[in-house]
Each structure stands twice: as C-alpha cells, then as structure tokens.
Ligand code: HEC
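Below sits a lone chain in structure tokens, taken as the form predicted alone.
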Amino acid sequence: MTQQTKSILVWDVPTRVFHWLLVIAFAIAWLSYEDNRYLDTHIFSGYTFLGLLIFRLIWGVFGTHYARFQQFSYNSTEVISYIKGLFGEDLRHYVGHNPAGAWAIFALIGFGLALTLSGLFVLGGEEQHGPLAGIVSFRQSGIFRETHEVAAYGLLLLVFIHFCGVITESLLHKENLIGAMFRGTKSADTESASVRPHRLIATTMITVILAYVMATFGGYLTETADQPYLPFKGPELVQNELWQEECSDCHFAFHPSLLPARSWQLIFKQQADHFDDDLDLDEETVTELLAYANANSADLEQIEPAWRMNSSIASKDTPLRITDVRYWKKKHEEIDAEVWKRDSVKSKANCAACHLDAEQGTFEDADMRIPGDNSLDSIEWLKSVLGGAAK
C-alpha cells in the first residue's frame, strides 16, 4: 500500500535566507582573502557570517519546528544506522534534517564560529582594529591566523561533504533537496503540518544586511578625487614639521616607522653622501630629526607595517632604502614593472601614489589603490559579485 503524501512548508523563510546568505558570505570572504586591497570586503563578509551564525543559534532554540536543534539532535548510533541504511534496504526518509545532515550542520556551525572568532583575534592583533584590538600583540596574532586558515579549509571541506550528502540523498529519495532549500517545501505524510513562514523576520534580516552594506561601502559612492574614501583609519602617529619640510624637498617624506632606528642613525651619519647627494644639514637640525626618528622608528612596532618591516630585517642588517627591505619586496613583487613608469607613480619611492594614507604613515591594507589599474577596487569588486549597478 502506497503511503499518501503532501507538500508542506518545512524550511521557514528566515532559515532559507540564513542558509543562502551564509553561502554568499563565505564565498565572498574566501575570494577576498588573498588581496589586502579587499580587506574591507573580507571583514564585511566575516562580520556578516558571524551575525548569521548568531542568528542561527538563536533560531535553533526559538525557531520553527524543523529548524530547532532539539528536533534534529541525533546520537552517534542513529547517525551510523542512517548511513548504513543508505547502502541497504533500510533507507529512511526524514522530513527535516536526517541524522548525517544534522551532524554536518552542527559541525558547520562549530567550524564557522572557530573561523570568525579567530578572525576577530587576527583583526585585533595584526590590524589593531575591531572589538579585540590591542588584546593580542602583532607577534601573538600568528597562532590565531593559523587557526583562522585551518578553520577556513576545514569549513570548505565540510561544505563539500555536505553538498555531496545533499546530492546523494536527493538521488536516493528522488527529491530535489537543493530546490527545497529555495522553495521551503518538501513531501511529507498527511499527518505532518507546515511551519509558519515568518516573512517579517526574514525581511528584517535582509534589511539589516543591506544597511550594513551601505554603512561599509557607501563611502566609495560619495568619495571624490580630492577626498578618497578610506575604509580603515590607523592610529594617529606622531608627525614632525621639520621632518616633513626637509624630506619632502627631494622625495616623499617617509614616516620613520618604516625603518629601524639604526638605519636612520646611519642615514644621518652619512648625510654628506645621501644617495649621491649632500643633505647639508646643520648639527641642530640633525639632532632634532634623529631624535624624532629614534622615537618613532620601526623598532617600536606601533603599526602593522612597522612590525612586518622590522621582523623581516635581520639584526645584522642596516638597510638604507625602504625598497631594499625583504617585506617591502614581497608585498610589491606582483606589481608589473609598467606600473612604476606611469605618470601618476614614476618611482617606487612615491608611496602616496597608491597608499591613500601614506602621508599619515599608517599604510592600512585596504587604503590602497593602484592608479590607472584595470583591476577592481573594493566597491567595484563587490558590485561585480552582487551584480550591482556601475559606479
């Protein structure tokens, strides 16, 4: 005798919105990870991902029947029995999450929390931004970066396993589970009832995220050539008028945090032969400039670039050019030689051509754009992903 079935609403609208927004947030975070110019995009997607996980934890307690954790909290015996049944005659159909899928959900949430929380520590340590800024030092943040990367790859593996499981069950039960997560409906026996859609909650979720998008990237839409938008603002570094005056006569006035104190000491000691030029500075001027350089050198590691520059210089080395430092070379090695010849750049010493906060000396990762580059800046990249309108 064939059991009668009907189509019911299993996945409420907030659950479906959560699911697909989580997929989009993870994809954007993954694609924006490698290029520091998109750090604002990466952090935006990370915060969105964390916010969605927090919502799911709450919804897993107070949500509709099939979304509640209590409804799909299976033990290991049930999970093993279900998996064995996939390859035997005891193939069981579940209206909500099956035991294997339930464990995958819990694992995804666990790895997702590990990913986002470790990311907050990386943001607070390496970038000195976010709610955890200053809790860990630049050097201590390394362990959190490793955790962040392991969690990301672990989550990617779980997503792949989850996807394979969905495809397998769809084929075995002849039921489109991917479509069900879009529609929300599945086939069930006649005794099962539909859940409430809760459209208002879903609408609120989408509205909040759209508001967050505008709060994060709206500055790109209102920026001007004279006032470009800076996604991040670093700490206010000490400036010196005499330093700016003397250094900017010939080139960009590099902030002393880009080289260790010993380098500045040697530069002023050899001022008569400063890259084939004589600085001709009197003793009083040298004393003031050197005092400023020593008090604000890379040794203090006030900002991330200072820490990274200082960490890449061997204690026995005393570089005189910032462009000779290993970290600087690594960060700029992928820039095409043609870029340095552009009229808006002209020289590797012209930091301000690409770094919008170069004069402040902070060199925040997302505050950089290569002039005349055809590659996308953060807002154009995000628009290409979301299918937004042209700038």
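Throughout, rigid core stands for the largest set of C-alpha atoms superposing within 1.5 Å between the two forms. Quick note: we count residues from 1 along the sequence shown, nothing fancier. Quick caveat, the model's predicted, so the values are computed rather than measured.
One more form of this protein should be noted, the form predicted together with this ligand, which is absent from this view; the next part is about it.
Go through 24-32, 62-70, 44-52, 337-345 and give me the stretch that gets within 4.5 Å of this ligand in the predicted bound form, heavy atoms only. Correct option: 337-345.
Of the options D90, E283, D277, E236, which one has a non-hydrogen atom that comes within 4.5 Å of this ligand in the predicted bound form? Of D90, E283, D277, E236, the residue with a heavy atom within 4.5 Å of this ligand in the predicted bound form is D277.
Counting non-hydrogen atoms within 4.5 angstroms of this ligand in the predicted bound form, say which of C247, M181, L300, V159 makes the cut. After the contact test, the surviving option is C247.
Quick one: does F254 come within 4.5 Å of this ligand in the predicted bound form, counting heavy atoms only? Yes - in the predicted bound form, heavy atoms of F254 and this ligand come within 4.5 Å of each other.
Would M368 count as a contact of this ligand in the predicted bound form, using a 4.5 angstroms cut-off between non-hydrogen atoms? Yes, M368 is a contact residue.
With heavy atoms only and a cut-off of 4.5 Å, decide whether K331 touches this ligand in the predicted bound form. Yes.
Taking any heavy atom pair closer than or equal to 4.5 Å as contact, tell me whether L259 reaches this ligand in the predicted bound form. Yes, L259 sits close enough to this ligand in the predicted bound form that at least one of its heavy atoms falls within 4.5 Å.
Can you work out whether this ligand is within 4.5 angstroms of a heavy atom in all three of I267, R321 and Y327 in the predicted bound form? Yes: I267, R321 and Y327 each sit within 4.5 Å of this ligand in the predicted bound form.
In the predicted bound form: members of 345-367 within 4.5 Å of this ligand, any heavy atom: Contacting residues: V345, S347, K348, A349, N350, C351, C354, H355, F363, D365.
Please state whether L157 has a C-alpha shift of 2 Å or more between the shown form and the other one, with the rigid core used for the fit. False for L157: its C-alpha shift is below 2 Å.
Is N176 among the residues whose Cα moves by 2 Å or more between the shown form and the other one after superposition of the rigid core? After core superposition, the C-alpha of N176 moves less than 2 Å between the shown form and the other one.
Superposed on the rigid core, does the Cα of V286 end up 2 angstroms or more away between the shown form and the other one? V286 C-alpha, core-superposed: shift of 2 Å or more.
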